[in-house]
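Taking the form predicted alone, here's one chain by itself in structure tokens.
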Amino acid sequence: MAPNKIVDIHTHMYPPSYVKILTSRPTIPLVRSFPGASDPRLILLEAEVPLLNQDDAHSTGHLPGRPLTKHYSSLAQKIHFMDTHDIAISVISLANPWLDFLSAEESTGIAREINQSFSDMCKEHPGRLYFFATLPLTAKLEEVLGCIAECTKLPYCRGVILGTSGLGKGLDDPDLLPIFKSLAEHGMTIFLHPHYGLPNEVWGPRAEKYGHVLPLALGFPMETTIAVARMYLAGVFDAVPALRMILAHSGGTLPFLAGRIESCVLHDGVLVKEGKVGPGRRTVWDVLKEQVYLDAVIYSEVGLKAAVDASGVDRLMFGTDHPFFPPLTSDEEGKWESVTLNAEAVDRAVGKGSKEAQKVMGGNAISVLRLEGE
């Protein structure tokens, strides 16, 4: 494959079976239909719960959630989107909240069903689609490890998607180490994606007047930043040196705050007393350049330049975040402004038509995720 082909590593789908589960739920996450709305609504955020309880929400113009259009579940629509934006390969994944809300008894079977569904989609379009698998993290450890082993036998699987909650206690939870080690041993890359954001009270009493801007623009990136910083402080990256992660949204604010994190580590009396600060210590910068990859879903060259400086141009990969952020004033069947913003940001950050741009837009993903040769 030519190195200037576009690869999208951040693109989601909700298989019909998953939508059915969300539709049956009385509490978030859920899918609900509203009178007068052309599409059912996907409701994920705690901040949207008050609107759920308003019988006349549709008349106020403040419907909760997002329209669950055909872009979320239709394979044909995914391929159409790819063709419209000249995307040669997509690495699809389930979007938040994954299977975090399911019981231990049901999560393993549903994970297998979803992963097989994605595998079947990839078989329909060989060479164009690959996927990140979903893990049943609420299940027993042996079932999670078994699921990882099963996924390695699915020819188009290239890793797993993971949220920041982990087993419910964050990614610095020691009980996650066997899972991280298994993923590393099997050469499975983690695509880390946020969902839970920050507590609602952070946004203040007027938050509902600001739509989704605060939790999505600020909460999601900070969630990723905090999760990975906790992993670093807990020594996860040292304990599992073969662990590889792609961080959504260009790593949150890690590229910008890594220096501040380092300064705080060096000057922390507790860490110094425990002997965690000294010669040979791997820094946050080391982790960013050796074990972490960043997607390019940041919408500006300023953020992309910080990502390149932090991790290197060989570790940055293009993404669209489809089907989220659709056009609001134009036909969803045409070009999406959000995709154009990301592509133009890459051109401005590393030079339009440059070898670096070709790497970011597709070459890096093809190499790192082994997207050729099936």
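Just so it is clear, the model here is predicted, and its values are computed rather than measured. A residue's number is simply how far along the shown sequence it sits, counting from 1.
Keep in mind that the form predicted in complex with a further copy of the same chain is not shown, yet the notes after this line are about it.
- Here the marked residues Lys140, Tyr156 and Glu356 all miss a further copy of the same chain in the model of the complex; none has a heavy atom within 4.5 angstroms.
- Judged by heavy atoms within 4.5 Å of a further copy of the same chain in the model of the complex, the contact stretch among the candidates 116 to 124, 96 to 104, 69 to 77, 233 to 241 is 233 to 241.
- Residue-level contacts in the model of the complex: of Thr283, Ser300, Thr84, Thr152, one residue has a heavy atom within 4.5 Å of a further copy of the same chain, and it is Ser300.
- Exactly one listed residue, out of Val287, Leu177, Ile148, Ala229, brings a non-hydrogen atom to within 4.5 Å of a further copy of the same chain in the model of the complex: Ala229.
- Within this chain, Ala184 is remote from the site of a further copy of the same chain in the model of the complex, having no heavy atom within 4.5 Å.
- Taking the partner from elsewhere, Leu341 is found to have a heavy atom lying within 4.5 Å of a further copy of the same chain in the model of the complex.
- Using a 4.5 Å cutoff between non-hydrogen atoms, Thr108 does not count as a contact of a further copy of the same chain in the model of the complex.
- Interface residue remark: Asp39 is not counted as part of the site for a further copy of the same chain in the model of the complex, having no heavy atom within 4.5 Å.
- Contacts with a further copy of the same chain in the model of the complex, taken as any heavy atom within 4.5 Å, map within 244 to 258 to His249, Ser250, Gly252, Thr253, Pro255, Phe256, Leu257.
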